[in-house]
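Next up: a single chain in structure tokens, the form predicted alone.
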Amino acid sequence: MNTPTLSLTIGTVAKRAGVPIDTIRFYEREGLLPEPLRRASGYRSYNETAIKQLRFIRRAKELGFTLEEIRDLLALSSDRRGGVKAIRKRAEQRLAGIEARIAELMRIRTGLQQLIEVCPGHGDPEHCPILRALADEEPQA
């Protein structure tokens, strides 16, 4: 009874995992999913494990992991000894990257706010502080 059935079509798997069919094929080509068995008709035949792996990949992507990082996480998930420690380290690295990106976005936001504040919103484009800043010129007060 523990043996997963191999009777699911790619459409069924896609629907249950919440991903497009093309995404499943892409993940197979990228090695994130194993090539499925083929029926006598040539159609792919999946099991419940494929759905679990696709959900894992989808959720990891939602957390900002790259496909390469997801590949590592999948490999580490089967490492019974050091996997959890390595997975935590990958998650910490991802969080540090997100925090750095947030800091960069905050810097960009502040700069854009300052440009908007000094732009009168009318007049000659040659004197527009936003255009001048983008052209690497000093804005005129």
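Start at 1 and count along the sequence shown; that's the residue number. Between two forms, the rigid core is defined as the largest C-alpha subset superposing within 1.5 Å. On a predicted model such as this, the values are computed, not experimentally measured, just so you know.
From this point on, the text means the form predicted in complex with a further copy of the same chain, which you will not see here.
a further copy of the same chain in the predicted bound form comes within 4.5 Å of a heavy atom belonging to residue 62. a further copy of the same chain is not shown here, and in the predicted bound form it never comes within 4.5 Å of any heavy atom of residue 39. Though the partner is left out of this view, residue 85 does reach within 4.5 Å of a further copy of the same chain in the predicted bound form, counting heavy atoms only.
Among residues of the shown chain, residue 119 is one whose heavy atoms approach a further copy of the same chain to within 4.5 Å in the predicted bound form. Core-superposed comparison between the shown form and the other one: the C-alpha position of residue 25 differs by less than 2 Å.
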